[in-house]
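Only one chain comes next, encoded as structure tokens, the form predicted alone.
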Amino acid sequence: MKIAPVEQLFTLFNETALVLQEELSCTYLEALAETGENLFHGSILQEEVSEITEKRLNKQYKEINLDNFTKEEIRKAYQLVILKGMKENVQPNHQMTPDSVGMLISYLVDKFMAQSSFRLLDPAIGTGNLVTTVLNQLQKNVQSIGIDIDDLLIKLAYVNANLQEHPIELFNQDSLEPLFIDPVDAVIADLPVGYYPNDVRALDYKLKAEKGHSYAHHLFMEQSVRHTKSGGYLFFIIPNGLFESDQAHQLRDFFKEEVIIQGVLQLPISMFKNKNAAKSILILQKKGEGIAAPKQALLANLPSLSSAVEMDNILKKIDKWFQDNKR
């Protein structure tokens, strides 16, 4: 029986990560980053590995030739092993963006970004799954930048990008500290939701709280807008209650000044454990000379993303909106 490519890769990643986890006395996710590095470089990079283990790993790596797999197969297999590792040791902000949502963001980026080459930023790149999902769908020349404060996640993103041969520029830092990057044409982000603990740093933002801690997701949006060119687009995965919080009035004022709301697509409630955790995709455009608002914003409640017929109807509705508003 022929084993599916994603399953083949998953087995290789998983088995070699388990061997390295034991040998290096590290976590599964750390071992996964190490095995990904070995696979990319075609050699065992860990000096502390015993001779027997080295032979065993080399034998397993030689059974797989990455050139025989598509970028999407590599991404999916790598995503599955990361999800396995995260189940063992998960932190709330490290949940991965579901594939169906990543595909939808790819579709939206493709529709809104008419140019054949552009610069893309993900200020909360995590393991790089959302960015590589988008890059794998776009037939365009995209220069990508990713930022994350978590050094393990950024290492996983680095290995992820290498294995899929995407040249992503990565920064391991707090995204709300000053960023030394040139302005970008588009931003995508599954926003980390919660309070930002650094009150002193938050003072640099218009969206700082009037009292107490500021919302990290608000500051992430402001920082993203700052680093976007005039007329550039921003695609955020946001909590549904974004405009109902105690700091929502500031956000509304900021939006009025800085951006045009192009659309809000509410993700199906069935995707989330409870309706309080439900999210939407918010599409913004940075204001600038000659940038006009659409006749009406693109608003939709998305059906189950697994229903092909219903999704097809929604995509037709989006296409129609583009014809009416983006000529």
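All values derive from a computational prediction rather than experimental measurement. Heads up: residue numbers just count along the shown sequence, starting at 1.
Another form exists, predicted together with S-adenosylmethionine; not displayed. Remarks below refer to it.
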S-adenosylmethionine in the predicted complex: contacting segment from 207-215, 192-200, 223-231, 136-144, heavy atom within 4.5 Å: 192-200
Selected contact from 174, 253, 110, 169, since only one has a non-hydrogen atom within 4.5 angstroms of S-adenosylmethionine in the predicted complex: 174
Contact label in the predicted complex: residue 153 to S-adenosylmethionine, heavy atom within 4.5 Å: yes
Residue 95: touches S-adenosylmethionine in the predicted complex, heavy atom cutoff 4.5 angstroms: yes
Contact of residue 126 with S-adenosylmethionine in the predicted complex (heavy atom, 4.5 Å): yes
Touches S-adenosylmethionine in the predicted complex: residue 121 (any heavy atom, 4.5 Å): no
